[in-house]
Structures are given as structure tokens and as C-alpha cells.
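There is one chain below, alone, in C-alpha cells, taken in the form predicted on its own.
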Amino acid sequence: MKIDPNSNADLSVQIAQAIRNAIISGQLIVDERLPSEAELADQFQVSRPTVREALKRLAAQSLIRTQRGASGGAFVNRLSFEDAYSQQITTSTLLLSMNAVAFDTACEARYALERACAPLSAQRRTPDQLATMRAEIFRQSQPGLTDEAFCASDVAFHRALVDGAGNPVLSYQLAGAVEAMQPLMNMITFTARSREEIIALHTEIADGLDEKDAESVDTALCALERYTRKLALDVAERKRSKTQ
């Protein structure tokens, strides 16, 4: 593991990247103990605080874990898809918010990804996942449900659809699409949407999954995308009318 002392990049960042590369390449394996702070400082020819900062960066990415005690130290962590969900969601939320992604662009991406899960979910969804979707539909129909709670239920419904594909890579990739894009979409469209319309489409999706009918699930998702796009246009038109 090496760094470039002449580089303008922060030394702690370089060290974290070097260790990360060693983990990815298999030079450092899961559960292996990293050298001590003193050993790493000597290896990279830097101070111990610089090494400590690098290790903090790796811990924040769940690439290493620390243990106290005589047999403690920093160890290579076994990163799971579930552990990485929150980072994926946070990154997607920041990208969408800070880069002013057009609503249509986000909508197109989100539904294209979700529709890719539909045929797999129609074949692989579990009874528990289908029950979750039915429970969320029931929750969405309750009088007095707040917009925030409806949004959370909406996310849970689509999360179950995605997870029903039984593919952890897809579930991870769509964590940002469902749990970052969808709340932003709901925030834009909630003033114009009809809960009844959304519930009806959710019911069509659940019915299609129940019957293992991938085509009907895809049709309902297409209809939900068209409805979502229409809502955004209606909201934009209302805003224009108020400013004229």
C-alpha cells in the first residue's frame, strides 16, 4: 500500500484510498486485522493523527470496524447490501437535490428501474412481501393519514415490490430510486395527487404480483408513471397561473 507524498490530495484521503484498494483487490481480506496506527504511520511516513483520520473515513464507509481490548484494533468489515442502503439513499438524495435534476429525468429513471424488477418480482415475491404491499394499501386508505405518513407508506409499498425480485443487487441499486427519488416526487406532487387514484394503481400492481402476471404489473407501473408526470405538470401549471 502506497501513497504519493507529492500529491495535492489530503494524506488521510490517500491512505484511506490505499487501504480501500487493498480490500477490494483482496490484499486485505474480511476479518483481517489491519496494522496498528503506529505501524501504518511508519509505513506511510505520516503522523498517527493522519492515520486515525483515514481510519475514520474507512469506518464511515463501513469498510472497517474497530474493537477495543488486548486483541482489539481495526479489522476489515464484511460489508452487506443492507448496511450500504443508507449511504446509497443519502448519496442519491444529495445528487438529486444539489444538481437540480429535472422531474421528468428522475421519474423516467425511477420507473425504468422499477419496471425492470416487475417480471422478477412476479415470479419470486414471497407471501410476506405481498402481505406488506396489501397492508400498505390498507394503510393508505385510512382517513386522516398525514401526507408524511402516506409518503412513507408509498415508499414501503414500492420497496416491497423491488425486494420481491429476490435480487440483492437490484434492491441496493433501487434503494436510491425508491427511497430518495420517490419522497422528492411526492413532495412536488402531493398537493395535486388523488390518493384514490394511487391506491387503485397500487392495488392493480399487488393483484398482478398475486397472480404472477408480470404484464399487468408493468402496465400498472406505466400508468403510475404517466399519472406522476401529469401531477408534476399540473403543479407547475398552477404555479405559473399564480405568478401571472
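By rigid core we mean the largest C-alpha set that fits within 1.5 Å across both forms. All of these numbers come straight from a predicted model, not from anything done at the bench. So that there is no doubt, residue numbering starts at 1 and follows the sequence shown.
From this point on, the text means the form predicted in complex with another copy of the chain, which you will not see here.
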So which stretch, 151-159, 138-146, 125-133, 169-177, is the one near another copy of the chain in the predicted complex (non-hydrogen atoms, 4.5 Å)?
-> 169-177
Partner-free chain; cross-checking another copy of the chain in the predicted complex, the single residue of K56, R33, K212, R195 with a heavy atom within 4.5 Å is K56
Tell me, out of Q45, T191, Q27, Q61, which residue has a non-hydrogen atom within 4.5 angstroms of another copy of the chain in the predicted complex.
-> Q61
Could you confirm whether I23 comes within 4.5 Å of another copy of the chain in the predicted complex, counting heavy atoms only?
-> yes
Applying a 4.5 Å heavy atom distance criterion, does M181 contact another copy of the chain in the predicted complex?
-> yes
Which residues within 111-135 place at least one heavy atom within 4.5 Å of another copy of the chain in the predicted complex?
-> A112, L113, A116, L120, R124
CA of A9, rigid core aligned, shift of 2 Å or more between the shown form and the other one | yes
